[in-house]
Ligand code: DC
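In structure tokens, the next block holds one chain alone, the form predicted alone.
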């Protein structure tokens, strides 16, 4: 069974998906971490030249050996912490808009999830990567709550995060390829006033009805 969890930054995708995977004893896939690996490597190689050269980002993405999980390994290096840096987060949003990068990442993600039970989270999981997932969840929360969560996670100022978040949301929602939106058959859950346990409990109940 594949449970696909999507939604904007700060809605709780990663926290909920990890907790859900542990609860159900499923494998965990953070697709966003894979785009962050591409972003990290682009920054390491001089982002300007990589972004400007036609096809360079797609070639970079296709050549990376990424092992997603609780610890993320890229080309043999543990980059779990490095890919969470603010500069990488900003670059990841730009990298994800490249159709060649998306094609390479989607192919990797589908290959990873070809066997076994998975909780997969990230943007376009339910619409593009795993459109046949047995259960699709789209997490939402109001903008202020999302910014506060991200600020706590990153150790930043909530107002600064809110402003950056607005730009990122607009870019993700309007990009030409795989814009951020819920799948037609996704269950939308507003996490603004819910703790992790409540959200996980609701998804587990839904999963049980789908697996009967």
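Computed from a prediction, not measured in an experiment: that's the story for all the values here. Positions refer to the first chain, counted from 1.
Keep in mind that the form predicted in complex with ligand DC is not shown, yet the notes after this line are about it.
- Only one segment in the set 153 to 161, 182 to 190, 27 to 35, 56 to 64 has residues whose heavy atoms sit within 4.5 Å of ligand DC in the predicted bound form; it is 27 to 35.
- Using a 4.5 Å heavy atom cutoff, none of 12, 18 and 136 lies near ligand DC in the predicted bound form.
- Contact between residue 110 and ligand DC in the predicted bound form is not found at the 4.5 Å heavy atom cutoff.
- In the predicted bound form, ligand DC lies within 4.5 Å of some heavy atom of residue 175.
- Interface residue remark: residue 92 is counted as part of the site for ligand DC in the predicted bound form, having a heavy atom within 4.5 Å.
- When ligand DC is considered in the predicted bound form, residue 130 lies well away from it, no heavy atom lying within 4.5 Å.
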